[in-house]
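One chain is shown next in structure tokens, namely the form predicted alone.
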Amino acid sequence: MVTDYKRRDTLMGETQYAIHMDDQTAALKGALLHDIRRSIFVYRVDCGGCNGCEIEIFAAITPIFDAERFGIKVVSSPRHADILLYTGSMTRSMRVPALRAYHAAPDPKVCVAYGACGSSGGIFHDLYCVWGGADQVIPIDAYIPGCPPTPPATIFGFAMALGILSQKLKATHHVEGEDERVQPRHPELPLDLRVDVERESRRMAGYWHGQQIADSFLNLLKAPASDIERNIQNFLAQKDDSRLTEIFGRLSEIYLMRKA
């Protein structure tokens, strides 16, 4: 993420500088304006560390990296904060102040564990006065690893926290009724077929991507039996992916075995 200051000479002989913003920066600022409609406020809670993380945070907000150009501002009170940034290992003496900061921040809020110590206790994890990482006391939403994290990693972590905050702003609360039951995906298809297809797809393509492939394949099976083979061929022709064709071939074998 880079913001360039390009020189521009005017007719009056004065030198001015026009600000040029790259696409990623513009997208991040656009998300801020669209979802939060203001800058995002960060409050730092130092639970006990070597202050190396604080140096990198200060580097991230000073002119070289300038996190404020993304609309990210550090505030002095948790009552104004959208993001709580926990640095250092969670010590016994800081447990209650850390909880007070958490409860003082308004909802929705995002809690971030910063650095190796904030994430797991770091090199201080086995001291008598250390509880561990911040997640031993506070419900953490995101982690920024490093000892200490670099300023670019810090800004990237803030951007990820912004995405989590956007999800929390749009979240709705649902209370499940006594007779309400969660419906599985593709309830029209037999359970054993769904399990075998998903399991084999994840084995061949990984957990997340395999789930997407399994969903695509199972959606094609909902068509009339006479159209399934043609729909699969058309789907693979559009994707033009040899690995996907191989996975679909294996899933088709499972389908034919179950059908028989």
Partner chain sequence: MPFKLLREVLKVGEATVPYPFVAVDLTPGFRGRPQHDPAQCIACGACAVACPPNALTMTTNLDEGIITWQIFYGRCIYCGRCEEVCPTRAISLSHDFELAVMNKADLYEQADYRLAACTRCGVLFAPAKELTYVLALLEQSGVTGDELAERGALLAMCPTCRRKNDIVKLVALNQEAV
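Numbering follows the first chain given and starts at 1. Please read all numbers here as calculations on a predicted model, not as lab measurements.
Just so you know, the form predicted together with its partner chain exists too; it's not on screen, but the next bit is about it.
S.K.: Using heavy atoms only and a 4.5 Å cut-off, determine which of Ile138, Ile72, Ala81, Ala161 is in contact with its partner chain in the model of the complex.
M.R.: In short, Ala161.
S.K.: Is Leu191 close enough to touch its partner chain in the model of the complex, meaning at least one heavy atom pair within 4.5 Å?
M.R.: Flag for Leu191 set to yes.
S.K.: Closest heavy atom of Pro224 to its partner chain in the model of the complex, within 4.5 Å or not?
M.R.: Contact check for Pro224: no, nothing within 4.5 Å of its partner chain in the model of the complex.
S.K.: Taking its partner chain as it sits in the model of the complex, is Glu229 near enough to touch it, meaning that at least one heavy atom pair lies within 4.5 angstroms?
M.R.: So Glu229 does not count as contacting its partner chain.
S.K.: Is Asp196 close enough to its partner chain in the model of the complex to count, meaning some heavy atom within 4.5 Å?
M.R.: Contact check for Asp196: no, nothing within 4.5 Å of its partner chain in the model of the complex.
S.K.: Can you tell me which bits of 172-202 touch its partner chain in the model of the complex, meaning any heavy atom within 4.5 Å?
M.R.: Thr172, His173, His174, Val175, Glu176, Gly177, Glu178, Glu180, Arg181, Val182, Gln183, Pro184, Arg185, His186, Pro187, Leu189, Pro190, Leu191, Arg194, Glu198, Arg202, in sequence order.
S.K.: So the C-alpha spacing of Leu165 and Pro139 changes by 3 Å or more in the model of the complex; is that change toward closer or farther than shown?
M.R.: Those two alpha carbons end up farther apart in the model of the complex.
S.K.: Knowing the Cα distance between Val182 and Asp107 changes 3 Å or more in the model of the complex, does it shrink or grow relative to here?
M.R.: Farther apart, which means the C-alphas of Val182 and Asp107 are at least 3 Å more distant in the model of the complex.
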